[in-house]
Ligand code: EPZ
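For reference, the chain that follows is the form predicted alone, supplied as structure tokens.
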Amino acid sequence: MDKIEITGGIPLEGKVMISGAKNAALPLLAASILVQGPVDYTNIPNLMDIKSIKLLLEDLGASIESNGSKVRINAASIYKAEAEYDLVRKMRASILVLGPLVARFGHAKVSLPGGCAIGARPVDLHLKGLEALGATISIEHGYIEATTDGRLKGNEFYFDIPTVTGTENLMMAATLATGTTVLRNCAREPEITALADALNQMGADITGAGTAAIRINGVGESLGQTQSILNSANSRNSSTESNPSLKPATINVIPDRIEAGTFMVAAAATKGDVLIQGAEPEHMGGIISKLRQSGASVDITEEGIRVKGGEKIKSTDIKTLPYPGFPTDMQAQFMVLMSIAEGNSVVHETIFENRFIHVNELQRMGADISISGGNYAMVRGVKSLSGAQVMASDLRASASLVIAGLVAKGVTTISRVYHIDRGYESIEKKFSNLGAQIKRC
């Protein structure tokens, strides 16, 4: 099993190009199910999660061609609507195929998803929303089954709490429903706006993405007689012309704001000077604000965002919130910065439980952090961290341990780095190009 070895204490300097956003690419790839024809994607990152959803789509019958960061998916050949456990268990985002499948075929069977251990992320709002659109939902033997008599029907639905994948799933499903759907208390992340823009390119009629209320006017041809496509070998050759669908399009994936934020924090923590190329500052207001409060210089340029570490790192509190607040996916990385700041900081995690698993590993490296109430961490800054053998527990915890290794004295060895491959493309190569002593072994 691969490990990452880092010899710390070197300020990062240079330029790094940010890859396409994983959390944007996953729903965009799932949206190809809505199209009876080829969809071309550019700026797709080379990540384990991307490979997982491509395998899932291929298992459904879609044809996929990949050439570097370019991917073409043709879902016209999909012949079944069952997403099996072995393909879904690796990644929670697999639930994103549920809405498109039931919208296009009137029937979907998807295994309850798996994923990383950062707390419960239930899919109940996905299911309640589909029920509001006229689907009948059942859960048996670990599978969600959704069926509808004809097309889904537009309706109003209120999310009890904002949910990114829930908003995405229902938005995709509603594109092929009859009538108008209004989703309220929606998540507002840039990835949702990117999905809405892509769906509109495919012929959908969506307004309000990026706000709390999204309006979707259903489009697509009449479903006619719902196909019976599950578990039928003969259905592979069935005509899908009667199914509603969107039209082919070419979609470019937005830059990954969390990858960009990770490199920005690493630059500040190592007191380096790094230009993060391709980053979108409008997506990163909370991260930029907190880095400036910590003493780093953050300049917006035509190429991206330049971060220079300050002579002193100042303590500052953070509270994770839904977008546009400080993102939960940057909490672990920022905690490393605060662990070597002057003074004390409070980190308040409001999105997920169990998202302080990385604290034990940072403590092994000399960080002074205590947890109270399960979702508060008191971080008392220390002069330096020391290299140690540590173990990654989830994707963003992995990134925090890499940053800790970059600033620590001595050698840090991180095991279970398959977590980091889910969301960071060639992370050791990118840091190496900035002068870090880092290698995979």
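Bear in mind that the values here come from a model prediction, so they are computed numbers and not experimental data. Quick note: we count residues from 1 along the sequence shown, nothing fancier.
A second form of this protein, the form predicted together with this ligand, is not displayed here; the remarks below concern that form.
- Proximity of V123, P162 and R396 to this ligand in the predicted complex is complete: all three residues have a non-hydrogen atom within 4.5 angstroms.
- Proximity to this ligand in the predicted complex, defined as a heavy atom within 4.5 Å, holds among V265, M365, A93, I305 only for A93.
- Of the listed positions (L26, L385, I33, V402), a single one reaches within 4.5 angstroms of this ligand by any non-hydrogen atom in the predicted complex, namely L26.
- Taking the partner from elsewhere, K430 is found to have every heavy atom lying beyond 4.5 Å of this ligand in the predicted complex.
- For Y143, no non-hydrogen atom is located within 4.5 Å of this ligand in the predicted complex, even though that partner is not displayed.
- Interface membership of T148, defined by any non-hydrogen atom within 4.5 Å of this ligand in the predicted complex, is ruled out.
- Contact annotation for R355: at least one heavy atom lies within 4.5 Å of this ligand in the predicted complex.
- Partner contacts here mean any heavy atom within 4.5 Å of this ligand in the predicted complex, and among 125-133, 175-183, 356-364, 269-277 they occur only in 125-133.
- Within 4.5 angstroms of this ligand in the predicted complex, the stretch 53-91 places no non-hydrogen atom at all.
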